[in-house]
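Presented below, as structure tokens, is a lone chain in the form predicted on its own.
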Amino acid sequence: MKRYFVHTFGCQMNVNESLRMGEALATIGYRPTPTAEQADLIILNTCAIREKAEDKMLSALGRYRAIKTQRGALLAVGGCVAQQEKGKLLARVPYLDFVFGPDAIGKLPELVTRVVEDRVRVAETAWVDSEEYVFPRADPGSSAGKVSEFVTVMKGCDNVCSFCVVPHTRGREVSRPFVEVLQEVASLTTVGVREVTLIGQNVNSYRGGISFAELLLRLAQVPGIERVRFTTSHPHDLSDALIDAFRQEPRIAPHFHLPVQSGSDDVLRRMKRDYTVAQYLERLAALRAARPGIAVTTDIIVGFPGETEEDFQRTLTLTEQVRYENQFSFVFSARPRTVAAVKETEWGPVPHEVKVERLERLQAIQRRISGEIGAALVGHEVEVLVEGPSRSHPSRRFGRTPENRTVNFDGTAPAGARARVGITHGSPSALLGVEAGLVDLPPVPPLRPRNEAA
């Protein structure tokens, strides 16, 4: 029996696609292994959003070279860096066996067979036409034992933000037919999944036969589904219909990841984001009015070319004003083939030490706000969808609130149940508590261990 190991970098879509890679490899007799040292095939599923992610990928390749030498393992790079670099990556890394882009996951068995039998190095990074693209369908068996699962509903992005490489690595937007999505989610409930997160590079631009708001409403009615989430979104697709869906349907989880990127209109214009800060705040106010208490998270780029101290102060002000639950903030790094990479000199590069100093100031403010939100919950009960034992404290249980807050607690609630948990401690990253009872028990059969999955 051959074994594979996938090292995943980057976004939740990459996490999901790594699962699809494993399912494809199973068709030619490969099984997973938890360590690269035991693998006959090592795949690095890569991210190209930031330069740091690429650096980590190259560092990992260097470590895996020794395993390739010792075991004769195949070594491959998939994902966005593979799509970006294409055949150049084979020339750059002579011990690499093959590279493949996101559209080629379904061809993985064929690629492995070609490399093994024909003893050739392969680069498969051709785009699949939108009309011909087939979304990899998840095997419910691989989700057995999970309470929460990702479901891909679209891929690609038609926005061309000046900093973003996604249109070059993921292509144009393609939406999955809504009937397929409904069928997949229904099949996931048969193995115990209670919560689904819809994913795509620009998920709320979904156009799969019905609107995104209608898709959420239909999925919330699938028997066995307790919560529906999604990520990630563009502010210009936060429609009135989507806001109204949050007002109508409590199973649509009260959490919205809404990337703002900057608090300065001048920076947003150079980023080619088609909204102002005032417009962003207007949409956000409407969302919060429709769903009081909704948790909002965001993305922010610090040190974008031309960003002045005044621009950055506006980002700090916005952070204080919105009081984000959390934010994913990074220093700007120029990505190949983007407008910002070409225009950086013209717009005015921000020195690296200034970027880092600004990022530290921003993250300190966000840590304080996140800590204040957590501390305010101490002494209150929250509802937790239990996912299983705590990763950090196996004697405790672990789950998340509807707002996507992580909770570790003392109790015995089974995976899939909704527990009432009294919060005893709140921090910027997690909550601690004690089980106070069950909201209800799962309406579907108990979860099967993963090793019993079909």
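From a predicted model like this one, the values you see are computed outputs, not experimental measurements. Don't overthink the numbering: it's just position in the shown sequence, from 1.
Although it is not shown, the form predicted in complex with a small molecule is what the next lines describe.
Worksheet item: At the 4.5 Å heavy atom threshold, is Arg273 in contact with the small molecule in the model of the complex?
Response: Flag for Arg273 set to yes.
Fill in: Contact label in the model of the complex: Pro259 to the small molecule, heavy atom within 4.5 Å
Yes, contact at 4.5 Å.
Worksheet item: Hey, in the model of the complex, does Ile49 get a heavy atom within 4.5 angstroms of the small molecule?
Response: Yes, Ile49 is a contact residue.
Practice prompt. Spell out, yes or no, whether the shortest heavy atom distance between Val331 and the small molecule in the model of the complex is within 4.5 Å.
Written response: Contact with the small molecule, yes.
Worksheet item: Which one of these stretches, 283-291, 113-121, 188-196, 333-341, sits within 4.5 Å of the small molecule in the model of the complex when only heavy atoms are counted?
Response: Selected range: 333-341.
Item to complete: Would you mind picking the one in Met154, Ile300, Leu242, Leu215 that has a heavy atom within 4.5 Å of the small molecule in the model of the complex?
Response: Selected option: Ile300.
Worksheet item: Though the small molecule is not shown, can you say which of Thr315, Asn204, Gln201, Ser175 has a heavy atom within 4.5 Å of it in the model of the complex?
Response: Looking at Thr315, Asn204, Gln201, Ser175 one by one, just Gln201 meets the 4.5 Å heavy-atom criterion.
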